[in-house]
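Next up: a single chain in structure tokens, the form predicted alone.
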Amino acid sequence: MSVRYLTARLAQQIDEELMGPAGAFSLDQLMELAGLACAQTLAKVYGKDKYPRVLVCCGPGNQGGDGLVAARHLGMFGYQPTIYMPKPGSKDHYKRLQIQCDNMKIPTLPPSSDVEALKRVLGSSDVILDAIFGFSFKGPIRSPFDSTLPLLTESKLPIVSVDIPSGWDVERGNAEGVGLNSDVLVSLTAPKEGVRHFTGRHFLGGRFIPKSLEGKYELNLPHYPGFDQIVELPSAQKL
């Protein structure tokens, strides 16, 4: 049986159960596992010899937290990440993740960076990790992100997106045509309905799902090889 694609409501429900009595995970644990899977995906597709400079774009929510964790791991993998947060998160766990990256000497662009500053850092980057919007995103795209996304697209750099490309609706995909056209996607827990027709390389990073929840929601998750935190799924081009 093929892996199950999740609606927004079902994805939220599973997240709540993971952090409730059934899963007993903390938010920090899930972010650490998700961010590690994202870093491993980027490293698998874009080797550091050819793509050492990674621009990690983080939104203010949990998606951005995953990106900060990924930036830290990429630094440990030998990449040269730079963090860009158009609007930094305000919660304590987000601030702790920022400190962890600071302690790794990972540079962060000031939130007030103007368009020219972002263009300059894009010009000296090799690949983008998109951790701006997650599955709870609802349009329209507002400032400051309405100017950020077009610049990422115009850069022509390869883009790895976390869970769903930023600007896509969790169930309707890039129906409005304003989202990123990512080259690689790493879905977390299980893929979302909106990415059924994603044509790039598609990975799953959800090796933290308990067997009880996998069975309850009939997720039909694939086998993860060896000790990898990710597994590649067939893209829409291959279906």
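In case it trips you up, residue 1 is the first one in the sequence shown, and so on. This is a predicted model, so every value here is computed, not measured.
Below: the form predicted together with another copy of the chain, not depicted.
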item: Segment that reaches another copy of the chain in the predicted complex - one of 83 to 91, 96 to 104, 154 to 162, 117 to 125, heavy atoms within 4.5 Å; value: 96 to 104
item: In the predicted complex, Lys48 touching another copy of the chain (heavy atom, 4.5 Å); value: yes
item: 4.5 Å heavy atom contact, Ala22 and another copy of the chain in the predicted complex; value: yes
item: Another copy of the chain contact at Thr199 in the predicted complex, heavy atom, 4.5 Å; value: no
item: Distance check, Gly61 to another copy of the chain in the predicted complex, heavy atom within 4.5 Å; value: no
item: Residues Ser212, His223 and Gln229 all lining another copy of the chain in the predicted complex, heavy atom within 4.5 Å; value: yes
item: Any residue of 23 to 59 that, in the predicted complex, places a heavy atom within 4.5 Å of another copy of the chain; value: Gly23, Ala24, Phe25, Ser26, Asp28, Gln29, Glu32, Leu33, Leu36, Gln40, Ala43, Lys44, Lys48
